[in-house]
Structures are given as C-alpha cells and as structure tokens.
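What follows is a pair of forms of the same protein chain, given separately as structure tokens and numbered structure 1 and structure 2.
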Structure 1
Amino acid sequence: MYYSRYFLPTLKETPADAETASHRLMLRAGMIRKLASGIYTYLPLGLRALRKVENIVREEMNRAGAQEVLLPMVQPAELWQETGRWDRYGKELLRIEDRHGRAACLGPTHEEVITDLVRKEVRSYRDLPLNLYQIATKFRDEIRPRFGLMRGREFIMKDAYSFDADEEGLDRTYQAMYAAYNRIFERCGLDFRPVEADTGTIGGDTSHEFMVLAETGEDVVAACTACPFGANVELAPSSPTPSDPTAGEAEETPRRVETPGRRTVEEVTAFLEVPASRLVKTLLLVADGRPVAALVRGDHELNEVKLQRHLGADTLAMADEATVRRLTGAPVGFAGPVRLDPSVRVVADHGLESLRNFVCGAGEADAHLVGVNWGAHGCPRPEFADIRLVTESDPCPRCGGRLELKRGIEVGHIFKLGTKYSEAMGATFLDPDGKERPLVMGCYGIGVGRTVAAAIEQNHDADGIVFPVPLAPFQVIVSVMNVRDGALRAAGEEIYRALRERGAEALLDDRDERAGVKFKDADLLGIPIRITVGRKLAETGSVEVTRRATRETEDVPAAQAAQRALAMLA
C-alpha cells in the first residue's frame, strides 16, 4: 500500500474525550472514528487489524469443529418473549418497531435466534454435537459507552453456541472451546489468562473469562504463581483463616470509646492506634428489598458478587443513609454488629470467625466498641461465609501457593448454559431410546474489536502503538526519507516490491513529508518493523531496519533489507 494514497488520517493532538490508551491511539493512528456515542467507523487501518483477529478466530473455531453461520441482527420480539428476556433484559436491549408495528430488537446476543434455528432442524442424537458460530455486528444500548471499542454500543463479536446430547458431551465441547480460546489468544500474541468467572445473568453453572492483562483493565484477576489457577476476583475464594493479629488472646469485655467524627477505617484505626485487621466494618445493604449487614475486616473488602450469590438474591445494593440510620441506630460510619434492628440479616466474612477482642461501631453516633467478641456481651454470633475480595495475602485455593492480583480486560467468555434456553424454547431431540430430551447448550463469545483494543492497551509506549506481529495491520513500513530524491524513492519501491513478493504486508511511506513527520507517524502506527531509506543509501548502500518494540536498529544492504525484515518478524 502506498501511504500517499492510503486513507490514513493520523492526529497529532490527543482527542479530548479519549480516556484510555487504546481509545486515544486508535483515534490518533487513524484506525477508527466516532459516529455517535459508542458507535465507531473502522477506517482501513483499523479494519485490517480487526480482520487479523477475525481470521485467527475463524481458523481456530473451524479447527475445533464449529461451523460458521450468519444470524440476523434484527430479531423478532416473540423469541425473546419465549425465554422471558424480552421483559427481563433491561434497556441494553434496543427495542424497535417495524412499519407494520411488529416488535423486534437489535440483537445484543443470539441465544434465542440460534435455539429457534436448531429446534427446527435438529431431530435426533445423530445430529449432535453441533456447534455454530458467527462473526457479526451486535448492538447493546449501554447506558455509558466509553473507552472507544472497549465498551461500545455497536460492536463486532464472535459468538458460538453448542448443542450436545448430555452433560458429558457439553463437557467435551466446553473443553474444546477452552483449548481453542487459548490457541486464539496465543496466536494473537497476547499476554492473557483464562480465569474462572461468574455466570451472571446469562445463567449456567460453569464459566471462564479470557483476560488480556493490562494495567488499565477494568477487571481484576487472581492468578497463582505456582499452579494454573486463575479466577476473576469476583469469584476467587478467600482464605477462611487469614493471618489474625488477635490469635490466642483471651476474651476481653467490650468498652465504649468516644470517636467523634471518626468514620472511616483509616480515621478510626489511627485514632485508636490499632491495626485495620483488628477492626470489623459493618456495611448495610438491601438484597431483594430486605436489609443485610455485611461484616468484613478493616483491611479487607466486601465482594458483592459473592454476597449476592450467598444470599441467592436477584438484586443487591448499598442501603441509603436513612435506612442505615433506622436499622443500625447510628449515622453512617458508626454501625456495628451490636444494636442492629432484628429485621437485619447479618453475614460476616468467614475470616472474621477467629477474630478476638475486635473494634466495631457502637451503633450510636461518635462512638466505637473495643474488645468485642462474637456471642458475648450483646454481640450476637452471625452467619459466616466467604464474602470478601481475595488479596495477595490469601493463599492459592488450589495449591496453597502465592496469589498475584492483576488487572485484565475480558476479551472472551465461555459458559455452560445447560438446558436453560432449550427448556424455555422446547428445543429437544430424540435420544437413542426414542425419548425426547432437551438439548444441552454452551455459549462462547469473543469481543473481536475489543481484542484489538486490548492488544493496544497491553502493547504501547509513549510514542504510539506497538502491535504484536500477528495483529499488525502491516508487518513492515518502508519509510523513504525524501521522495524527491529519485534514488531513495527507487530503492524504497524496490524494497517494497521485494517485501510483497515474499508475502509480507507492507506500507510504503512515499509521502512528500519531512523525515520527522514520517518517524512520528511510523511510531504511532506501531508497525513491527520499519525500514528507513535515507542518507546512508548513498554513503554505504545500506538502509536501517528497526524493531518498533525495542528500537533495535541494524544497517543492512538495501538488497537484503526485505529478507532481513522478514527474518526479524519470524
């Protein structure tokens, strides 16, 4: 591709509303442009990177035995009513009405459509297993789209749906998808982790997320440094026996201490000169309309996902100030497990069970209790459960090894759905005994555009993108320093031709621009290898071959530049 004719509008300035590196760099490098909130156009360079991911995904899905289809974007309401999601899905489901007044939606996901297709076509266990996927545009009417392709409203996803005769079949298919996903993100050249994950509202009982590790990730994963264990912190089990500063102490009698205006853990522990690990925080929440007090140690954090699962609740939110005051007898910051209204269910983190002589709110303004113990002196013994976020002090729940917490970006998510959708929609097959049984399903998603963005979050520096080779829109950029110099231009063209003959995707920077502009743009675009055709050509017959990632540069005779660049890529 000749840069001078290529639609590649780079930006010198950082766009005002771009908050993350990938958003900023994809705009600056002319990969995407915003059309409306959460809705982006892919320009030629961005589309090339997108297609790289698409092709890897397609090859690995095919290799794993999945078959590609293309499902419609506009979906009739009737199907969503069959599963009840028409009413339940919320406003992310963009509902529309056609000219005849028929209700439909823009597909945010395709469980209903695929289950409808399969229930009409699959009759017998002989037609199983079946795994169908598509790579297509989806629409979710996010309330706050942000970070460019990271959380858009219109986006490109690979979604696959599998149908098996039984749980064992689903296990096999799920394992095949798990392996395919690992191969996909490996082939993309990304540093990633598969982690155990919450199944959320999609349902089912097993689920893994594939996380691209990056400091800007919205998720946190706990990964063992000794074994393959990894889990979203939402799900990672915490230790029931964290290091306990009160171990072995004899039980004291609680004392009331004035703590005027001291509400936060920091304020209270500083004032009382005790470690945060001796404090019990009391948080008031409302689960399905009923009050819950969650107790965690001062140096720990409540994990709402775990608490919600423990309660089996559909909704969970922090209580408002009036509710806190009414049920705890104290303003926010002074609640404790004592003096709570009897209607409040009290759940304490399991790590608190062994704590002795702890500090907690007194259940009245400007006071705390010191030397409190469970089941004594007005502090009832609560129910204990794992309701806190895991920390790097917790041991690996699988091998006891050391856990690391890392930030990640979810690029893939696989679920065992079981029979949730097939039962709701009557998608059955006849087993070898002629008995009708519901299909056992799984679903498997990859955010294709988001994978490109995540790759950039993980791989960039102050000057621009540093594309992993497999996702690079071009592998080599040939920069002719001065296109008005006929010899330089001819040498650049020759190297460009040689690269293309060897099958490389190359961009020839033949623009009539200053060298500085060309270097800056080359750095911004993040093409893995740059070949600089400049003054050295006349002096020594050589050109510079530079790795974008490390800036390592070699002087290479012009005639060998293409070959050398390809060797460096391999």
Structure 2
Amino acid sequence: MYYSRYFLPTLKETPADAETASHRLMLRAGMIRKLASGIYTYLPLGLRALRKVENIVREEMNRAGAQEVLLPMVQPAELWQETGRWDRYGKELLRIEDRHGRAACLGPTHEEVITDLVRKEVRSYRDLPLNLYQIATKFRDEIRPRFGLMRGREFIMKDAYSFDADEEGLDRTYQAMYAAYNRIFERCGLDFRPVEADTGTIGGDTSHEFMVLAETGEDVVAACTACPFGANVELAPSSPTPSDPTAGEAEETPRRVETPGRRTVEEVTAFLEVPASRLVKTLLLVADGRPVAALVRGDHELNEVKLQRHLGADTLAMADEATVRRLTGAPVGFAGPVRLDPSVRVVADHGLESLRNFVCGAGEADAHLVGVNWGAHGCPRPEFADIRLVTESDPCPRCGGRLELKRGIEVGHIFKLGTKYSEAMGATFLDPDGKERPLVMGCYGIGVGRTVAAAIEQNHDADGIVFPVPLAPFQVIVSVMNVRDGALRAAGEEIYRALRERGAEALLDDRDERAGVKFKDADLLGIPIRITVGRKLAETGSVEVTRRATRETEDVPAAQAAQRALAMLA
C-alpha cells in the first residue's frame, strides 16, 4: 500500500476529550473517528488491526470445535420477556419499536437469540455438544461511555454459546474455551492474566475474566505471586482473620465521646488517636427496596458485589441522606450498629467477628462510641460474611502466598450458564432414555476493539503506538526520505515489492514530506519495522532497518533489506 493513496488522516494534536493513551493514539494515528458518544467509525488502519484480532479469534475458535454463525442485532422483546431480562437488564438495553408497534431491542448480548435458535433445531443428545459463535456488532447504551473503544456503546464482540447434555459436558467445553482464550491472547502478544470473576447480569455460577495488565485498567486484579490464583477484586476472597489490633484485650464498657464535625474515618481516628483498624464503618444501603447496614473495618472497603451476592439481591444502591437519618437517627458519618431501626438487616464483614473494644458511630450527631463489643451493652450481634475488598495484606486463598493488586483491562469473559436460559425458554433435548432434559449452557465473549485498545495501553511510548507484531496493521513501513530523488524512490519501491512478494504487509511512505514528518508518523503508527531509504544509499548502498519497540537500527545492503526485515519479525 502506498501511503500517498491510503486514507490515513493522522493528527498532530491530541483531541481534548481523549483521556487514555489508547483513545489519544487511535485518534491521532487515524485508526478511528468519533461519530457520536461511544460510537466510532473504524478507518482503514484501525480496521486492519481489528481484523488481525478477529482472525486470531476465528482460528482458535474453529480449532476448539466451535462453528461460526451470524445472529440478528435487532431482537424481539418476546424473547427477553421469556427470560425476564426485558425488565431487569436496565437502561443499557436500547428498546425500540418497528412501524407496527412491535417492541424490540438492539442486542447487547445474544443468549436469548441463540437459545431460541437451538431449541428449534436440537432434539436429541446425539446433536450435542454444540458450540456456536459469531463476531458481530453489539450495542449497550452506557450511561457514561468513555476511553474510546475501551467503553463504547457500539462495539465489535466475539460471543460464543455452548450447549451440552450435562454438567460434565459443560466442564469439558468450558476448559476447552479457557484453553482457547489463553492461546488467543498469547498469540496477540499481550501480557494478560485469567482471573475468577463475578457473573454479573449474564448469570450462571462460574466465570473467568481475561485481563490485560495495564496501569490504566478500570479493574483491579488480585494475583498470587506463588501460584496461578487470580481473581477480580469484586470476587477475590478476603481473610476472615485479618491482623486484629484488639487481640487479647479484656472487654470494656462502651462510652460516648463527643466528635463534633468528625465524619470521615481519617477525621474520627485522628481525633480519637486510634488506628483505622479499630473503627467500624456503618454504611446504609437499599437492596431490592429493603434497608441493609454493611459494617466493615475503617481500613477496609465495602465490596458491593460480594454484599449483593450474599443478600441474593437483584439491585443494590447506597441509601440517600434522608433514608440514613430515618434509619439511624443520625446524619451521614455518625451511624453505628447501635440504635439502628429494627427494619434494617445488619451484615458485618467476617473480619470484624473477633474485633473487641471498637469505635463506631453513636447513632446521633457529633458523637461516637468507644469500647464497643458485639452482643453487649445494646450492640446486637450481626450476621457475618465476606463483604470487603481484598487487600495485599490478605493471604492467597489457594496457597497462602502473597497477593499483589494489579490494574487490568477486561478483554474476555467466559461463563458457565447452566440451565438458566434453557429452562426459562424451554430449550430441551431427549436423553438416551427418551427423557426430556434442559440443555446445559455456557457463553464466552471477547471484545475485539477493546483488545486492540488494551494492546495499545500496554504497548506505547511518548512518540506513539508500539504494536505487538501479531496485531500491527502493517508489519513494515518503507520510508523514502526524498521521493523527488529518482534513485531513492526506485530503491524504496524495489524493497516494497520484495516485501510484498515474500508475503509481508508493507506500507510505502512515498509522500513528498520532510524526513522529520515521516519519522514522527512512523513512530505514531507503531509499525514494528521501519526501513529508511536515505542518503546512506548513495554513500554505502545501504538502508537503515529499525525496530520500533527497541529503536535498534542496523545498516543493511538495500538488496537484503526485505529479507532482514522479515527475519526481525520472526
């Protein structure tokens, strides 16, 4: 491809609304352009990178025995009503009506559609196992789309759905997909970690996320340094016996202490001269319309995902200030387990169970209680559960080793769905005994555009993108320093032809631009190898071959440049 004929509108300046490296660089490198909030047009360079991911995904899915289909994006409301998700999914589901007034939605996911297809076609255990996948556009009406392709409303996704006769079959399929996902992200050249994860709105009882490790990641991963354990912090188990600052103390009698205007953990502990680990925070929430008090240590954070799972609630949100006053008798910042309204369900983190003589809100303005103990002096004993975020001081729940918290970008997610959708939609088969049984399902997603963005977040420098070779839109860029010089241009075109003949994906920069502009654009685009055809050709008959990732440059005879570039790519 000749640069002068390629639609590649690069930008010198960073767009004001681009917050992350991938968003900035994909705009500047002419890969994407914004059409509307969270909706992007893929330009030729960006589409080439997307296709690289798609091809790797397709090859590994086919290798694992999955079969490709293409499902409709517009989905009838009746299917979603069968599973109950039409009302539960929330505003991310973009609901529409056709000219006849029939309700539908733009598909954010395809569990209902694929289950409808399979229930009409699969009759017998002999038709199983079955794994169908597609690479297609999804739409989720995110309330706050941001970070370019990292969190858009319209995006390209690979989603696969498996159907098995029993749980043992699902286990085999799930492990095959787990292995396929590892191969996919290894082939993409990414530093990633598979971690245990929450199933969220999709449902099911087991899931793993595949996280590309990057400082700009929205998620936090707890990873063991001694074993393969990894989990999203939303799911990672915390220790039921964290370091206890009150161990061995005799129980005290609680006393009320004036704490005027001290609401936060930092303010209260500084005023009382106690460590945060000695304070119990009381947070008021509403779960499915019912009040809940969540208690965690002052130096820990509530994990709302864990709390919601423990409560079995469909919805969970922080209570507003008026509700807090009504249920606790105090303004925000002074609530405690004492004097709570009887309607409030109290759940304390399991790390609090052994805590003695702790500090908590007094249930009235500008006051706290010191020396409080469970089940004594009006402090009821709550139910205990793991409801906090894990920390690096927690041991690995698998081997007891040391945990590290790392930021990650979710690029893939696999779920064991079980019979949630098949039972709701009547998707059954006949087993060898002629008995009708529900299909056992799994689903497996990969964000294609997000994988490209994550690769850029993980691989860039001050000058631009540094593409991993497998995802690079072009493998080699041949930069002719002065296209008005006939000898330089002829040498550049000969190298370009030699690359193409050897099957390389090459871009010939034949623009009539200054050398500095060409170098800056080559760095911005992140193409792995640059061949510079300049003054050295006349002086020594050589050209420069440079690795984008390391800046290492070699002088190579022009006739050997294509061969050397390909060797450097291997």
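On a predicted model such as this, the values are computed, not experimentally measured, just so you know. Numbers given to residues start at 1 and step along the sequence of structure 1.
Engineer: Of these two, which one is the form predicted on its own?
Structural biologist: Of the two forms shown, it is structure 2 that corresponds to the form predicted on its own, while structure 1 does not.
Engineer: Which single option from Arg309, Ala136, Glu410, Arg63 is at the hinge, given the motion of the rigid parts between structures 1 and 2?
Structural biologist: It is Glu410 that lies at the hinge between structures 1 and 2.
Engineer: Look at the chain as two rigid parts and give the angle between structures 1 and 2 through which the smaller one rotates, in °.
Structural biologist: Expressed in whole degrees, the smaller part rotates by 7 degrees between structures 1 and 2.
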